[in-house]
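Next up: just one chain, as structure tokens, the form predicted on its own.
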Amino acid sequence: MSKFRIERAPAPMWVRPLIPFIAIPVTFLLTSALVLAAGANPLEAYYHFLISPLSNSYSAIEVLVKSTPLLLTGAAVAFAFNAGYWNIGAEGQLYAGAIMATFIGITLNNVSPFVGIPAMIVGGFVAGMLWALVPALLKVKLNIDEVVTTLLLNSVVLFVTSFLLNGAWRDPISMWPQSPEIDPGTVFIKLIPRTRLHLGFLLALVVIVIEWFVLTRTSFGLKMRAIGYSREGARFAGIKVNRTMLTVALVSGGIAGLAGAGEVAGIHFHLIDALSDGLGYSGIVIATLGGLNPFGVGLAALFVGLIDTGAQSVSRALGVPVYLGDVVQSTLLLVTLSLFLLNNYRIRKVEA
């Protein structure tokens, strides 16, 4: 009599890069039931998700616009995860960067773009670092779980944002909870005239390349990956684990802060409560889908940006809820994580 047994047996290395490409059709297959329940044809819906946004130059550029903060939050999460530091606080760090960028933008008056734009970039990065500092110190000094602390701080910064927008920064004329407009000299330049594609996209690509170089071509990147594989093994090899993890946490927070600065300086030109709409959490999906590889993260961010743009196209064309895009993203994360887990096991037939 034959029986089947599940045993731990990692799949060949060439299988791992294929997981995201397997996860995408599996996700679309699973979510087809929801599309049918909404009264739409799944094939038609996924045409609007994946093809329609690329059918004209305006919507194709919008894909890049939506991908810009995702590139940065995905890179931030991937950088931390590579070192085994589970930063779930990219959302809060993004808002910290946005708050600092807003402060700089409304404080500077009639400033040159050659001064204002670098100030926004540096300010956003530093603010993200500072917001990441407390959970990082709690981790390296007291070994407090960073998943909990970074996640809780996301709510704290939202309350800080609300406090500012309903207090000192509230629009005195309309009484609407939004900050004053930032100075024109601090606004990111447009990469393509009469579009929303701004300098932040180019900045995000630079961050992706630098992150790849650090991870694969520097001794610091080697130390990071060693810690990610085995913290105790890295410590035994003489790596200063706590110092390295602290640096990684701060850089990760800084990258997420850049995303917030970009949203203020490139898209909204003022601070609002709904600035992010979960961009930091989407970074976790993107980092996972990209296999924590910076270039994989770039492709994943572009894909999720396509899904976000396509969700609006689907909603207009077929009348399904625009939130279907969020459902697809969430399902994609669960499927990808499941496939990465199953990648370490196999089913073997044994004779009783």
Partner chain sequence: MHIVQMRGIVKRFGDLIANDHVDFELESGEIHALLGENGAGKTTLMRILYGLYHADEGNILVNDQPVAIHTPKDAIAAGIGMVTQHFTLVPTLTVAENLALGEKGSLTLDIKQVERSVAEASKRFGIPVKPDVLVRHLSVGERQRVEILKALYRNAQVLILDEPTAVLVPQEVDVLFEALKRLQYSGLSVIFISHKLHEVMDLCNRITVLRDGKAVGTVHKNDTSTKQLATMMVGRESFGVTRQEQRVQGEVLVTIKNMCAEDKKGLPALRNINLEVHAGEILGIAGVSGNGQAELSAILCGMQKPSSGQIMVEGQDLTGAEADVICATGIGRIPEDRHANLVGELSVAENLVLDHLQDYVKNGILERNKIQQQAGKLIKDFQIKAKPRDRLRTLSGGNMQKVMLARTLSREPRVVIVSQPTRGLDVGATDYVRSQLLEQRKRGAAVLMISEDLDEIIALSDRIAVIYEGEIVGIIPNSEATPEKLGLMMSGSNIEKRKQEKKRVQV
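If you're wondering where the values come from, they're calculated on a predicted model, not measured in any experiment. Positions refer to the first chain, counted from 1.
Quick note: we don't show the form predicted together with the partner chain, though the next part is all about it.
> Residue 114: heavy atom within 4.5 Å of the partner chain in the predicted bound form?
Flag for residue 114 set to no.
> Is there a heavy atom of residue 240 lying 4.5 Å or less from a heavy atom of the partner chain in the predicted bound form?
Looking in the predicted bound form, residue contacts with the partner chain include residue 240, since a heavy atom lies within 4.5 Å.
> Does residue 118 make contact with the partner chain in the predicted bound form, using a 4.5 Å heavy atom cut-off?
Result no; residue 118 lies far from the partner chain in the predicted bound form.
> Test of understanding: in the predicted bound form, would residue 232 fall inside 4.5 Å of the partner chain by heavy atoms?
Answer yes; at least one heavy atom of residue 232 falls within 4.5 Å of the partner chain in the predicted bound form.
> Heavy atoms within 4.5 Å of the partner chain in the predicted bound form: which stretch among 101-109, 219-227, 137-145, 269-277?
Selected stretch: 219-227.
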